[in-house]
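The data below hold one chain only, encoded as structure tokens and taken in the form predicted alone.
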Amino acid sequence: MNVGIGLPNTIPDSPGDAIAEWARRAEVGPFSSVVALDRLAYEGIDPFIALAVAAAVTDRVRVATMIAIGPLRSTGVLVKQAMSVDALSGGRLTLGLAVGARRDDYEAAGVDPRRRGDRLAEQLVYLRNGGDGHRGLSARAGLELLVGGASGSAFARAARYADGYAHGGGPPRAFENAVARALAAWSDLGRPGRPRLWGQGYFALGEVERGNAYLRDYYSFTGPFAEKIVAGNLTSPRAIKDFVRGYEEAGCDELILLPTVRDIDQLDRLAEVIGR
């Protein structure tokens, strides 16, 4: 199993040079990918801009959205952003897409959330088929696509249009249950082989309260459920090692560990823990 690291692009008040520095350190560390989250109505840096910066200072690691909220953008804008990052990275982009869960993001984008599932499916068809309706907006053949989400529709979209499934986080048991549904959807469509399986978790080493405060704020829209997310924050080397082992045993291909504290020493501490 590969282990990637999240960029601090949605952590408020991150320094302007944080994205580049995290990407540089990840490039020479034990990480296989750098990943950006996506929120519109929340302080932070757009994921495609963050990944463009990361692509410019790296040569080895993959750059990925985990995930981008596709329906917030028109298909043309989404394809242009993704293909720009893919070109800047020399074909290292993994594009993870989902519908998202925040109503305020859709309000800020002026997009009707009631059609978000259909809109995402249309975008996936365009990306998968290459799209030839507008000059300069064709997706690269072979672009790695992931679909995230926990609904039956999300698993069906992953099986029909994507190369793999991106899980939204939680303990290894939750990942294992989601993988069973993803594999069943894949099999039901008669697709050969096996989907790529990506997972994620949050971590904070030595700065527990700061990390927990960020998660409470970021997930405040979930109400009391935010405390369950906070409880899953990995705050010790032992917790991280157990989490990594659990995901590996559950069949994860790429596990992304997302920082909840913006300080660059978080990356260095994590590198020491996973020791790869």
Partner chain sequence: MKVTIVGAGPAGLYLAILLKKIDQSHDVTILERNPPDATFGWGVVFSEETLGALKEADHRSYIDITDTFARWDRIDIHHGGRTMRSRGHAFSAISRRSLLAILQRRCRDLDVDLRFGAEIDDPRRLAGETDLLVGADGVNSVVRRMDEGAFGTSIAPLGCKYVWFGTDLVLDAFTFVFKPTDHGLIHVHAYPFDEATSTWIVECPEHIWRRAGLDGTNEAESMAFCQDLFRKELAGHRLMSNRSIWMDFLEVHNESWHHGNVVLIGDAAHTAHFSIGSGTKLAMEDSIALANAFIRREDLERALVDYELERQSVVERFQQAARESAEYFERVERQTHMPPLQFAFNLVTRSGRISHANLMLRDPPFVRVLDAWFSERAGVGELRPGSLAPPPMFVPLTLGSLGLGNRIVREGSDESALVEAARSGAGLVLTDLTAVSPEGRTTPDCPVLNDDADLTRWVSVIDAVHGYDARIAIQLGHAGRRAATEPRERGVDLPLRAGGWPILAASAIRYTPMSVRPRAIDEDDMARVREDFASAAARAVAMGADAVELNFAHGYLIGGFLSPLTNRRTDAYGGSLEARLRFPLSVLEAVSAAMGDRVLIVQMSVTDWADGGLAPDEAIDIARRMSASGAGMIHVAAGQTIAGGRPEYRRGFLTSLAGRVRAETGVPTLVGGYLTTPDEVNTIVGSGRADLCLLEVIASDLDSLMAEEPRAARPMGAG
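Remember, it's a predicted structure, so these values are computed and weren't measured experimentally. Positions refer to the first chain, counted from 1.
Omitted here: the form predicted in complex with its partner chain. The next part is about that form.
J.: Examine L72 and determine whether its closest non-hydrogen atom to its partner chain in the model of the complex is within 4.5 angstroms.
T.: Judged by the heavy-atom cut-off of 4.5 Å, L72 is well away from its partner chain in the model of the complex.
J.: I'd like to check something about V111: if you look in the model of the complex, is any of its heavy atoms closer than or equal to 4.5 Å to a heavy atom of its partner chain?
T.: Answer no; every heavy atom of V111 is more than 4.5 Å from its partner chain in the model of the complex.
J.: Heavy atoms within 4.5 Å of its partner chain in the model of the complex: does R216 have any?
T.: Flag for R216 set to yes.
J.: Using a 4.5 Å heavy atom cut-off, state whether E249 contacts its partner chain in the model of the complex.
T.: Judged by the heavy-atom cut-off of 4.5 Å, E249 is well away from its partner chain in the model of the complex.
J.: Its partner chain is absent from this chain, but in the model of the complex, do D13, A20 and R103 each have a non-hydrogen atom within 4.5 Å of it?
T.: Checking in the model of the complex: none of D13, A20 and R103 is within 4.5 Å of its partner chain.
J.: Only one of 83-91, 153-161, 199-207, 103-111 gets a heavy atom within 4.5 Å of its partner chain in the model of the complex; which is it?
T.: That would be stretch 153-161.
J.: Residue by residue through 171-197, tell me which have a non-hydrogen atom within 4.5 angstroms of its partner chain in the model of the complex.
T.: Heavy-atom contacts to its partner chain in the model of the complex: R173, A180, R181, L183, A184, A185, S187, D188, L189, G190, R191, P192.
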